[in-house]
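Only one chain is included here, represented as structure tokens and corresponding to the form predicted on its own.
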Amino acid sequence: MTMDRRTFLKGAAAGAAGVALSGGIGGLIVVRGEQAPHATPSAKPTSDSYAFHGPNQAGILTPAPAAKQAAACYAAFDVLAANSTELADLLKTITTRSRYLASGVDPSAQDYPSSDTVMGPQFPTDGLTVTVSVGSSLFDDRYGLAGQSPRHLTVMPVFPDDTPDPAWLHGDLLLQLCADHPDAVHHALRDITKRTRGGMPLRWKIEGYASPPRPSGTPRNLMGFKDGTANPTGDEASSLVWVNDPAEPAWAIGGSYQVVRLIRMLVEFWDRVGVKEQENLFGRMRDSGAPLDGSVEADIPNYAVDPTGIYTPLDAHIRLANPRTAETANQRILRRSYNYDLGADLNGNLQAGHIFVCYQQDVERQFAKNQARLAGEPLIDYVQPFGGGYFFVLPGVRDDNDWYGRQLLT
């Protein structure tokens, strides 16, 4: 330690009499008697900002990632709030910061020490959405919420083809951050976590990116195939996503069940497979994204005239996932997924793959039924699901006086 640093620390200690740390779980620093030396950088709303207030959270029916919202982060946390009052304070803090980051509404709070400046003194909202969801573990006996859990919210089970890694599983609370560029996502995560570290330490985090449409249509996954072609849209999507069952707890109406699956793709192995075999595994043409009995990506496969799988194999991924029958119509899900790249493993193999994310009214009726049909599919030789979890997206923040989870905790 140099003399200059000793001098600095002495001065800091002397000045501590004018500074007090708040006792709350957010770990906020309050400066009394004078203005903080660093104000919170101002946010600049941009034309691609998405509405923060509403009955449902943004980042779900927000247009699927491509040129917009091409960057994402999924961060799961363990909640350490001592009681329900502190949990409410934690969620209020997340609400205040999320509103500010996503909409540019300044909370008029001074900030000391200085905010991170990764985006400069005035950062754009950059198409940012913050989507907050909770895991089944939050509904234990810590906060008196055991009787308020959404009906179908459980710990995500280990499915037959999974290779689970506990370091990448579950969580009390999940933040989904999506924006047009990675620095906006990184900035938002830092802004929220530095104000809540005492109340929700990070459990696991993964960053994702969406490839642009090449050459057009739906973005591609790291296996080279278009991903999300058959997603429901408009009113159909809304009817499959938002919880409206009166048998659910009243506070949960307007929320959604969220499934996150971290899926490693064995890309070196995959790259040794011929294109025709790859297409049979997926059930689509690699170049165009068209179904094997069609010409363009938007064509709908006609399984009724192909009962023995002459055109589309009976065990092709898209045929198992969405058989397109009257009985399975209400089992459809809304996908909103990203690619990820974690570098290389100890053997020098690429650790890259897919952040599969889907939303639905009923995780048992929808995702679980889909997953049961996919068990043992041929594609599983090339992928390894290892992490993620089941979560419940809280209803939206309706106005300036509302906050995430208010209906649950009041």
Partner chain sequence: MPLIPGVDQANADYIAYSSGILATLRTDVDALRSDLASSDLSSARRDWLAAQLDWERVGASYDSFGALGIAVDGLPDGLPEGVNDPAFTGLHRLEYGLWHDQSAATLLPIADRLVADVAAVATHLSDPDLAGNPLSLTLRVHEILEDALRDHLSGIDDEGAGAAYAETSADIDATRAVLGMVGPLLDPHLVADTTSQMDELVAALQDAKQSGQWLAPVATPLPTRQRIDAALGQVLETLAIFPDLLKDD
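Positions refer to the first chain, counted from 1. Worth saying up front: this structure is predicted, and the values here are computed from it rather than measured.
This protein has a second form, the form predicted in complex with its partner chain, left out of what is shown; the following refers to that one.
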query: Contact check for Leu153, Asp245 and Phe392 against its partner chain in the predicted bound form, heavy atom at 4.5 Å; finding: no
query: Gly294, Pro164, Gly309, Gly254 - the one with a heavy atom within 4.5 Å of its partner chain in the predicted bound form; finding: Pro164
query: is_contact(Phe159, its partner chain) in the predicted bound form, heavy atom dist at most 4.5 Å; finding: yes
query: Partner contact for Asn349 in the predicted bound form: its partner chain, 4.5 angstroms, heavy atom; finding: yes
query: Contact test in the predicted bound form: Leu145 vs its partner chain, heavy atoms, 4.5 Å; finding: no
query: Val118: touches its partner chain in the predicted bound form, heavy atom cutoff 4.5 angstroms; finding: no
query: Residue stretch of 329-337, 118-126, 79-87, 265-273 approaching its partner chain in the predicted bound form, non-hydrogen atom distance within 4.5 Å; finding: 265-273
